[in-house]
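This document opens with one chain alone, in structure tokens, the form predicted on its own.
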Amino acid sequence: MQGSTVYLETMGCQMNVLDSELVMGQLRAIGYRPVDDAAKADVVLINTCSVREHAEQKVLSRLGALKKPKKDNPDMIVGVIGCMAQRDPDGIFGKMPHVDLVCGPGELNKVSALLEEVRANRTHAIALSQSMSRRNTVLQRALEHDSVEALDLSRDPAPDENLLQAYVRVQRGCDKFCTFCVVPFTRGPERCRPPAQILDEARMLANRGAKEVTLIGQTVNSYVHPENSRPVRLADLLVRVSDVAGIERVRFVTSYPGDFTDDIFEAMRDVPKVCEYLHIPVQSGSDAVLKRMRRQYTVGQYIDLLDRAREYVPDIAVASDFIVGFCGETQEEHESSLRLIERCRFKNLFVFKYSPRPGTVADRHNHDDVPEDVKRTRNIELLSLQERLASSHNQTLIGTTVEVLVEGFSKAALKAQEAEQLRGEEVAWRRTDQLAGRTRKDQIVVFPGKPEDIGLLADIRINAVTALTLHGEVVRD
């Protein structure tokens, strides 16, 4: 609606970040103007994650904070979109009666129509996918696919949007049905986009200034799509996207261990623009736990996979995910995870405490029997071990030179600049010229630089490190 303002807050994964960008693009195209203050917006949308209970509690807390702005401005429209909307629409309306609309991730192309429905009828508006079980009909899948494709094809970045790095969706949904995971129920079955659409989008992004694209999917390495009677796989996509003029780096996330094929490693080895970085969640170092999770591989197979990756790409950086305190996890099973971390030497880890998700197999058939304090202790133990290993590895990088895509000012520099503007004086205790960027291996690097460095690929000589960050100086000709 012309002149209306919208505030859109995103929680969760890269898929949600991209979904929010696409929704905002559609709303901007019909006259909505994005604002940074929810209390002053005509429309407030929260794009939600439902993977863990903590994520949903954050959503409810955020929605609770909107009660007063909604009371002060009854015409404000509050909407919940994304995975939590799909999983529990009745719960959202029941707990938060000031919410006006819910829209699942498979129906986000309808957000603008839902807003108009609320505005016209002052009633709840709902759009949810009906094809979230194994018993999907061909027609249901096709209808949902059309809605998703319409959203992706509508992508039209704002002229002032920073497109240095961009996500490109190649696949939606998941068919794995791990016992702990709600994604197949909130995002539906796995389906892949046609290669031609992906390449058209990559070219458009490159023309708008993108130098790095990340191909994303729930299990991105299982991508396959027929083209002229032959399958196009992820390795083929990596080669084709790398050929797009203007694109300097190509990444992909997130991979599933059981679906990996060596042609992906060959592309990482042979195609210069494909980054030497792999995010491949293992979830546990115990075969017994993996079996209870219904993960379709063993610890030995996972180790073999990483060994193969390092044979093809010796200096590859690997990140992983672990869940601690899954149903029935014993101390010995937990210690198996610690041993796996020691063995695999990950670049970084994402560690989560298990929480039951309604509707999943684990919630229906297993007991969440690991005490919360034990989960907390195990979470700390894994992260502490990873911090020690990462610090040790990063020490070996001191004195080396790394290629960094300069993304902008560091968080510390932005805070210092803001303080200078507020006080009208220099903040001597904090550098305001500190830039930040990432290496090909997804390591964060901070260094003093110039505004004109932003957007460039710069060589940085590393002179100090922490477990998570590298510090250095620009190597200038």
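Residue numbers run from 1 along the displayed sequence. Here the structure is a predicted model, which means the values were calculated and not measured.
The form predicted in complex with ligand SAH is left out here; the points below concern that form.
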Heavy atoms, 4.5 Å, ligand SAH in the predicted bound form: which of 47 to 55, 63 to 71, 25 to 33, 439 to 447 makes the cut? Say which one.
47 to 55
Are any of the heavy atoms in Leu108 no more than 4.5 Å from a heavy atom of ligand SAH in the predicted bound form?
no
4.5 Å heavy atom contact, Phe260 to ligand SAH in the predicted bound form:
no
Might Tyr354 be said to contact ligand SAH in the predicted bound form, defining contact as any heavy atom within 4.5 Å?
yes
Is there a heavy atom of Asp321 lying 4.5 Å or less from a heavy atom of ligand SAH in the predicted bound form?
yes
Checked Gln386, Gln283, Ser286, Gln86 for heavy atoms within 4.5 Å of ligand SAH in the predicted bound form; positive is Gln283
Scan Cys181, Val313, Leu306, Val244 and let me know which has any heavy atom within 4.5 Å of ligand SAH in the predicted bound form.
Cys181
